[in-house]
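Here we start with a single chain on its own, the form predicted on its own, put down as structure tokens.
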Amino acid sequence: MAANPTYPTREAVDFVVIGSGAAGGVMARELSVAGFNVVVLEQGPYRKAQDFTHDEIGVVMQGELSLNPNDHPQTFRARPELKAEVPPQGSGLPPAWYAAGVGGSSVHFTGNYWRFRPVDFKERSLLGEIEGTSFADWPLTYEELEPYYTRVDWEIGVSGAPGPFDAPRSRPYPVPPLPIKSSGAILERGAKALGLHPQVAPMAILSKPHNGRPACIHCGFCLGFGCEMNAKSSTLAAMIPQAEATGRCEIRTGCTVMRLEHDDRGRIRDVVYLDENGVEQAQRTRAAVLSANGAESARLLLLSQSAKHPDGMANGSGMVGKNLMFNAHSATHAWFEEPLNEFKSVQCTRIVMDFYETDTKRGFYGGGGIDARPLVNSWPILFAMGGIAPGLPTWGAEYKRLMERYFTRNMSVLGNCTSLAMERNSISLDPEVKDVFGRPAVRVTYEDHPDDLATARFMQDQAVAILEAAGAERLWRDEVTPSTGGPHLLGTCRMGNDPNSSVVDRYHRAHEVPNLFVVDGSNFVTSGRGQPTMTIQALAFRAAEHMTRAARAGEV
């Protein structure tokens, strides 16, 4: 392996990539492999596979893979006219939930890797305007993105098999599906009894060795945890090592970017950050790639105000931070007579996509996919705290009996759904609350469109029908309520051809800043059906190819 470089901050590198997650990791690898000098600025630490544990308290309850909420508070409000508040301690995850560290949230994600379908890119043309929303077509098609989905399959590493409703693909999956687990078999049984079409769940977790990485050992700690085997296809495992192997990519951890600065021509010149010792530094660069996620990318642009950009960098349209989408979800839980042993293996092995597309007969916009999984009830502490069915004892001898019997007999069925883009839903700078570095806190303003909630309830009805058909002993629903946060941070630097209604062009270049690119979930125009990371990475591969071509032509 080539030695890791250390670039002087006052000499311009070719690219500074801000963030090393699902998109940033791809950008780092692609640009360095193409021969460019790259500095990656990552605010979290550089953990390796051997650093990851199965500690429920540390990882899940204390959030050790995320930023400390006391140092990095966020605020939430449902509507713009309300005052945003910091959620009370112990109330759950932050409004904009993401992991901090090399690999970003690809380290702790579940690994559901669904492609979009052709319809996702042109729904506005097919369905028409939806009042009160920013519903629009993407400036590209599925056919344009398909080669890059295939690169994700093969270069990131996706296990799977085609389903009956899948979009066309140019190559098969690189490795076969992961073994079906009990929740998948039950989903299949119930869905087939109803005449539906269950299919293999594509997962960014290796079923067989691939690209020098090992197969999954089915430890059962995927959702929320890092993978100690490197079988989960995080960018930490799949992309960053290849970037560093070029000898042209420097990963700087513990670095919090404070602002972007431009020169007299309006071009990004310096990326200003606090290093791991809290000392302000400025990395000179020929171009910047912002891949910090849909909350932090928008926040950084808003923080980068200047006389030329009084409302924030690249925000002449006023669209930076607007059109936030979370993806609506529903959850239904069930107990079965026979042991399921869902504490083993990956979260999902089967899905149902019969309700993917909008059906106007339902009376509302939206669709989604259904998956079966243990969710958080595969871990003993979380099951003990919330896995017992409503109305049953949660103390005493009967509680102990229920825990003993049903820890191995529980599963959940999730609906993963659309969210409509609306300008009123946003990431903005909180005027009062600041983080440990004195930066205005991320302020999340979000209220689901009524169609989003209707879709989630519709999907939950289908989940109930499937579980009943499969012979559930007992089942119950989590009430579908308005969202107060989520891990899918989409839409806040929208892609588009019109500079008046979008932030970046179809190749992720900021309309107003020629050497600034934004590449992450913030570019989404519509939300897809609840699993966005596959598309984030396909877009990143495509963006990197364009940037490489443009840079070699002297057009960056």
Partner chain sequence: MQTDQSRRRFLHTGTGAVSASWLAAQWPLALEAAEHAAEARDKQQPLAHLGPAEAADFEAIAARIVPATDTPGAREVGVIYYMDAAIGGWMAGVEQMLRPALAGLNATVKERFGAEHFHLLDADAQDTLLGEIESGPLFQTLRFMTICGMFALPSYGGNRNQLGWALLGFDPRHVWFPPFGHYDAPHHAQANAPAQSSTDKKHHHGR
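These figures come from a predicted structure and were not determined experimentally. Positions refer to the first chain, counted from 1.
Beyond the structure shown, there is the form predicted together with the partner chain, which is absent from this document and is the topic of what follows.
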Open item on the list: Please identify the residue among Thr418, Ser304, Ser345, Ser297 with any heavy atom within 4.5 Å of the partner chain in the predicted bound form.
Closed with: Ser345
Task: Residue among Asp461, Asp478, Glu423, Glu143 with a heavy atom within 4.5 Å of the partner chain in the predicted bound form - done: Asp478
- [ ] Identify whether the partner chain in the predicted bound form is within 4.5 Å of every residue in the set Asp263, Asp435 and Val556, based on non-hydrogen atoms.
- [x] no
Open item on the list: Just checking whether Asn341 would be counted as a contact of the partner chain in the predicted bound form - the rule being heavy atoms within 4.5 angstroms.
Closed with: yes
Task: 4.5 Å heavy atom contact, Arg248 to the partner chain in the predicted bound form - done: no
Open item on the list: With a cut-off of 4.5 Å between heavy atoms, is Leu382 one of the residues that contacts the partner chain in the predicted bound form?
Closed with: yes
Task: Thr256: touches the partner chain in the predicted bound form, heavy atom cutoff 4.5 angstroms - done: no
TODO: Please determine, with the chain shown alone, which of 116 to 124, 156 to 164, 275 to 283, 237 to 245 has non-hydrogen atoms within 4.5 Å of the partner chain in the predicted bound form.
DONE: 156 to 164
Task: Contacts with the partner chain in the predicted bound form, stretch 467 to 501 (heavy atom within 4.5 Å) - done: Asp478, Glu479, Thr481, Thr484, Gly485, Gly486, Pro487, His488
